[in-house]
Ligand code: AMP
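So this first bit is one chain, no partners, the form predicted on its own, shown in structure tokens.
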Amino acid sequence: MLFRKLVEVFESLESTTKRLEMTDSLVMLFKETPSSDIDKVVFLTLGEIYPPFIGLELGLAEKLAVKALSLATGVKEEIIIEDLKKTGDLGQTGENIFSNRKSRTLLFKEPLTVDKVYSTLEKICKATGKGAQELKIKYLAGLLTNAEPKEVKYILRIAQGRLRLGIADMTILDALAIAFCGSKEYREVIERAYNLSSDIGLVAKTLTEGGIDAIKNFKVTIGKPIKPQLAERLSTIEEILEKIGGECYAEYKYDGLRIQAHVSPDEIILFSRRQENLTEQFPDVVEALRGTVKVREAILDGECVPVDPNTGELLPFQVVAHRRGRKYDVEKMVEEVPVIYFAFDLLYIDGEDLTVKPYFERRERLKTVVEETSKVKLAEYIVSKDTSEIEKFFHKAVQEGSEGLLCKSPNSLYEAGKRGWAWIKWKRSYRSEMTDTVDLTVIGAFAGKGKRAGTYGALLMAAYNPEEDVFETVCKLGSGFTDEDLAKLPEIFKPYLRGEPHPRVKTVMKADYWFTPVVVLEVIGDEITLSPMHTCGMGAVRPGSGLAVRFPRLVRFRDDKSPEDSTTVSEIIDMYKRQLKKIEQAQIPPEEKEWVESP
């Protein structure tokens, strides 16, 4: 397949923000793509080469990409940098330079294919060690030499990790369903295969080669992370039991780093909730798991929790977060921040997919598979219908350093990648209005003034709407940042800057800066109010009004969460409704309730 065909589709995707038009363009592209190229086309459309768990990413430094462009064109780096200052986009600069070259030899020039572009970018990803930078420059320059101007633009953007077409995984899955099954109705089946493997390229190839039957028979595989099941939230145990069906597994909700452990005779691999490979950062967990699992192969879901080496007390998430992403001083951090792995679910065992088994069966089998040690334990839990018993257990969990309880339906299957009422969080902070935190995605920013001149004065935050696969604004966040945080903000968000709102963002507000939705922050506020200025849940409570977090404050950066892990719009709506219900139950006079509905 010629790369120029892919570029034509990229151009059409950039020219629209309408989801249906984007999907239609992808459907046409996928139908014309040979099965041998479909995985490459999917990854390149997402600006990727591999799924996240492989751990090899594009993101060539701008300096190296400039050198490659100079080598390919003979244009001095200084001239390239001067044009880059004007465009702000090396891809556009590359297209400009190639378009303006007066003499270009076209003899013996072969058209670029998708396979050629992909395989070369793959080599760039894999180049490591001494001489790697020179090799990356050489590979990229060779690719650019054979490219047309429009192709140059997108090759440079992909190589730098800055494609940003506004396409997300769910849009790809919609297009695959329509292209190869004839209807978007098949998206759910295809999505499950994706959630069981976290490899959208493999899913696309399986679908094109084996059809929907192959997707229905998709198997869990050691080494490919299963997307984690997520929980809803409620504020009382009475509500939880009513929602779950009268009886639940009430389990400690540990304040740690969620880790999925893949155990086999050959190796043990640890994945984060975002499917990143954390094996090298946690060699102590790998060693602790070795020998504690009594079967040949298993996939465990659990939480990695820091402990005080002197007292054995559980410590908060922020402590273990320092170990995540470490490449150096790993052994030192192992000593300074010891951890315990608390396993709470068993997803796979010796060829058997347990995600289709009820929770009570998975939990019972987990007890027979894992032999507890001082470093590997099973999450503490009780099974009960009694609200007073569960409440007592709740207080015990909090006293022992947990956030609260995770209540699970005994008969629930493991809903990979889904958030639902089979699992419900009950945290200590849910006992009063908006003392609970929410996880929100940054989608824009406002210029700082006064002491904040030169950085951002506030960030525009959004909740996630999974039904529409968009982010809806819910507040401006300007409080809770340290001076150090504020100074770092422009650098943190530099890779995600864009000239207009991202296609997946719904907003009526006009920010000074716009970002690709990537960075997630944990936020606390005073309460949730109706607001005509924010799009979160627009019209769900009152026509013309959305919902907003009032007086929001930063709690922490959540780089362990993806944008799609953000608090959902439906959760914000439910929190608002429960807030109103509590006020009505307290019989507060109407005139004292007006603040709840203030803009």
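The structure displayed is predicted, hence computed values, not measured ones. The first residue of the sequence shown is number 1, and the count goes up from there.
One more form of this protein should be noted, the form predicted together with this ligand, which is absent from this view; the next part is about it.
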Checklist entry - Tell me, which of 506, 162, 262, 427 has a heavy atom within 4.5 angstroms of this ligand in the model of the complex? => result 427
Checklist entry - Though this ligand is not shown, can you say which of 408, 192, 157, 274 has a heavy atom within 4.5 Å of it in the model of the complex? => result 408
Checklist entry - Do residue 252 and this ligand come within 4.5 Å of each other in the model of the complex, heavy atoms counted? => result yes
Item to check | Interface membership of residue 258, this ligand in the model of the complex, 4.5 Å heavy atom rule | outcome: yes
Next on the checklist: Is residue 379 near this ligand? Define near as a heavy atom within 4.5 Å, in the model of the complex.
Outcome noted: yes
Next on the checklist: Please tell me whether any heavy atom belonging to residue 303 falls inside 4.5 Å of a heavy atom of this ligand, as the geometry stands in the model of the complex.
Outcome noted: yes
Checklist outcome for this item: Within 4.5 Å of this ligand in the model of the complex, heavy atom basis, the matching stretch of 482 to 490, 416 to 424, 175 to 183, 453 to 461 is 416 to 424
